[in-house]
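There is one chain below, alone, in structure tokens, taken in the form predicted on its own.
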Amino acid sequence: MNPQNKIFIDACYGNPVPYTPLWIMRQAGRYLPEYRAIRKQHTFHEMMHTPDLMTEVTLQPIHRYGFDAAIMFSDILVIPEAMGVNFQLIENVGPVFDNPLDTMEKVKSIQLADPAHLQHVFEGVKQIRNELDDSKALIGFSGAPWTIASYMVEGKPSKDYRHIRALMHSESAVFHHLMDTLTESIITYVTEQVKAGADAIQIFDTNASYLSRDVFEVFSFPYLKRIVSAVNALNVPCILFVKGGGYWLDLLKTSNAPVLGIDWTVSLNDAKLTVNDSVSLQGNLDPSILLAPNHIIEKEVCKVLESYGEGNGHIFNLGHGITPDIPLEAVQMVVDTVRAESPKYKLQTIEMDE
């Protein structure tokens, strides 16, 4: 990797950039007609397990919008499958596990993920990196231990994930065994992604919002810090996205992740003050704004850029994943506005640094 050619990597480390780099969570997805065309011919698992399909889908939004980074097409639940806990994607429900960890015995018997099961992902990463323009970064990713564990124990999406929350308190040793096993599996997984060509790693802790800060700090955060430390040792940036953690930024910045992703519930200005420019920030347009007219989208994108203000260390993104009902022209408006408006927040800083 040549970081000098990648504005996204520079922004991750807070280096001077000519404009705010941009990518969108779930950018390779169902809002794209070219994605839906492939999805009609292949199951979700076929797309995840076939490097050619993985590559094609990953590059689709890059070809259409020219984002500054691609994120590999996969799913956070490949880790459980590599541990022998399989799921099916059920329409209007989400991932449903065939054999969830619904007894103490099942949780106690969980073993490290088998890297051989994930080989298709690493082959896909290698292929994507070979086909991706050198100026674009490739983001690898994993779910966080808590988020993955939530699905494994509950067996499907839940309104409260009360079973794993009960496990956490009533059988803490068993819970920690699961989290420790997931953490070691994730570290191996993201390490192999980087070896295959990933330029950065994002960790998604999208279910963190089901925890109080005190519980998160004891039962989840130590495992996140271990993963961040392992990624930092690989000399690539780690983006830590803790949904609902915008008010915990004083804690999250101690993870040593060079980038913190934030959702739309906290202003970038407040976040920037909290982290005191010690880390870069990624975010944080409300995805629902993309359903509004173009002039509203333009105004709200400008508000996000203005909220961060002058300086480097900002990666523009949504506050969560893009939804399937978003019009193509809405995404184009976001891209065009960021490209047009963000340089004025960078020029003075670059001149001062030079």
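Numbering starts at 1 and runs along the sequence shown. No experiment lies behind these values; they were computed from the predicted model shown.
Same protein, other form: the form predicted together with a small molecule, not shown, and the subject of what follows.
Student: Looking at the small molecule in the predicted bound form, is some heavy atom of each of M72, P95 and F204 within 4.5 Å of it?
Tutor: Checking in the predicted bound form: M72, P95 and F204 are all within 4.5 Å of the small molecule.
Student: Given that the small molecule is not shown alongside this chain, does G313 nevertheless sit within 4.5 Å of it in the predicted bound form, heavy atom to heavy atom?
Tutor: Result no; G313 lies far from the small molecule in the predicted bound form.
Student: With the partner left out of view, is M25 within 4.5 angstroms of the small molecule in the predicted bound form by any non-hydrogen atom?
Tutor: The answer is yes: M25 has a heavy atom within 4.5 Å of the small molecule.
Student: Would you classify R39 as touching the small molecule in the predicted bound form, given a 4.5 Å non-hydrogen atom cut-off?
Tutor: Yes, R39 sits close enough to the small molecule in the predicted bound form that at least one of its heavy atoms falls within 4.5 Å.
Student: Examine W146 and determine whether its closest non-hydrogen atom to the small molecule in the predicted bound form is within 4.5 angstroms.
Tutor: Although the small molecule is absent here, W146 would stay clear of it in the predicted bound form, with no heavy atoms inside 4.5 Å.
Student: Tell me, which of F122, F219, Y210, F141 has a heavy atom within 4.5 angstroms of the small molecule in the predicted bound form?
Tutor: Residue within 4.5 Å of the partner: F141.
Student: State the residue from I164, A196, L77, I227 whose non-hydrogen atoms include one within 4.5 Å of the small molecule in the predicted bound form.
Tutor: By the 4.5 Å heavy-atom cutoff, the listed residue in contact is L77.
Student: Looking at heavy atoms inside 4.5 Å, which stretch does the small molecule contact in the predicted bound form, given the options 31 to 39, 325 to 333, 304 to 312, 290 to 298?
Tutor: Comparing against the small molecule in the predicted bound form, the contact stretch is 31 to 39.
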